[in-house]
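Presented below, as structure tokens, is a lone chain in the form predicted alone.
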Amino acid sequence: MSTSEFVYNGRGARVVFGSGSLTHIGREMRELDVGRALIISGQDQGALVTSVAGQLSASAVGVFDRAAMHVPADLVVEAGSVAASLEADCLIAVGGGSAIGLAKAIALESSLPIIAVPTTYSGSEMTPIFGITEGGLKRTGTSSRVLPKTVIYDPNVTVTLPVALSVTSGINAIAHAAEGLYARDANPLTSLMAEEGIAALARSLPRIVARADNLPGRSDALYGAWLCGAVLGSVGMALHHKLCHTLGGSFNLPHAATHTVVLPHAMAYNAEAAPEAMKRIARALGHHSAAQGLYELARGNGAPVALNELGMVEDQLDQAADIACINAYWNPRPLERDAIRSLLQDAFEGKAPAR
């Protein structure tokens, strides 16, 4: 990558960061000149949704609390109909990637502005990327219509995120930055954000494991997730994300945990083709090896390291390899079906990444 020739596409989301920043949500609606919000969430965010609705009073015209992993297409239709029937003029997505993903899918058709309140480290709130699953296949795309207008990062709302999910969500965020470092359209600014984001998450996750209510650790993790999400929203992804979309959309594996398991193996697959990126990832992790460092970060903090822990069946690995190789896409190392099948076998068994 040359520092004298590159293109950087900045994204226009307004970011409100800091402990207690959720109290500004009414102000942020006024900034957008909207007054009828449909709150989108999962069923596990009841207390937080009640708090948001209470702050907004009559400006909260409804709640759709059935967001689901991988954004099922029929759910998008149903939630979109609810938004239309309530004459909502904005969406407030409260939760992780499922809630934000559902809000994005609604906005794709309706162009309703989104205010995102992330409760995990997924990074979806910083991207124009959407994904919708139908017929066992996950379709992804990009559109400026789905990029949230405002993102409220309040570390207080992440304190109740279970420790196990905090770790997998954080490593999911790291995956965005790791692939961003060898993206075709990487540039000096996104690479700086990527390395800093990985470092922030790598140092914060063990602190959260040690004490779930460690607010400085939670704040550092949310800061890292913001940076990693910004990278995801600015440059292209490659093999790792394709594999995880395949495993999630076609085999219904949990999103963040799948990223956690696959990431070290995807880094090992691309290591020789992207040596500078691997040096930066390793440096951010404080380890001699990017792939091994990621594996140890997961295992050392109690995260799953094997696809067989997530419900994957070994007989499905051939199909997964075939799907992952459909529709040619860029990767620093050419896609080799047999090598990808071997990668999936190692990930299935939970082996350390191949050297």
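Residue positions are given as counts along the sequence shown, with the first one as 1. Treat the numbers as computed from the prediction; the structure is a model and nothing was measured. We call the rigid core whatever largest set of C-alpha positions still superposes within 1.5 Å between the two forms.
We do not show the form predicted together with a small molecule, though everything after this point is about it.
- Residues with any non-hydrogen atom within 4.5 angstroms of the small molecule in the predicted bound form fall in just one of 274 to 282, 202 to 210, 185 to 193, 124 to 132: 124 to 132.
- The partner is absent here, but in the predicted bound form a heavy atom of T160, alone among S111, T142, S85, T160, sits within 4.5 Å of the small molecule.
- With the partner omitted here, the residue from G249, G80, G217, G97 that has a non-hydrogen atom within 4.5 angstroms of the small molecule in the predicted bound form is G97.
- The small molecule in the predicted bound form comes within 4.5 Å of a heavy atom belonging to K104.
- Mapping the unseen interface onto this chain, Q45 counts among the residues with a heavy atom inside 4.5 Å of the small molecule in the predicted bound form.
- When contacts are judged by a 4.5 Å heavy atom cut-off, T260 does not count as touching the small molecule in the predicted bound form.
- Residue contact check for L232: one or more of its heavy atoms lie within 4.5 Å of the small molecule in the predicted bound form.
- Superposed on the core, the two forms differ at P72: its CA moves 2 Å or more between the shown form and the other one.
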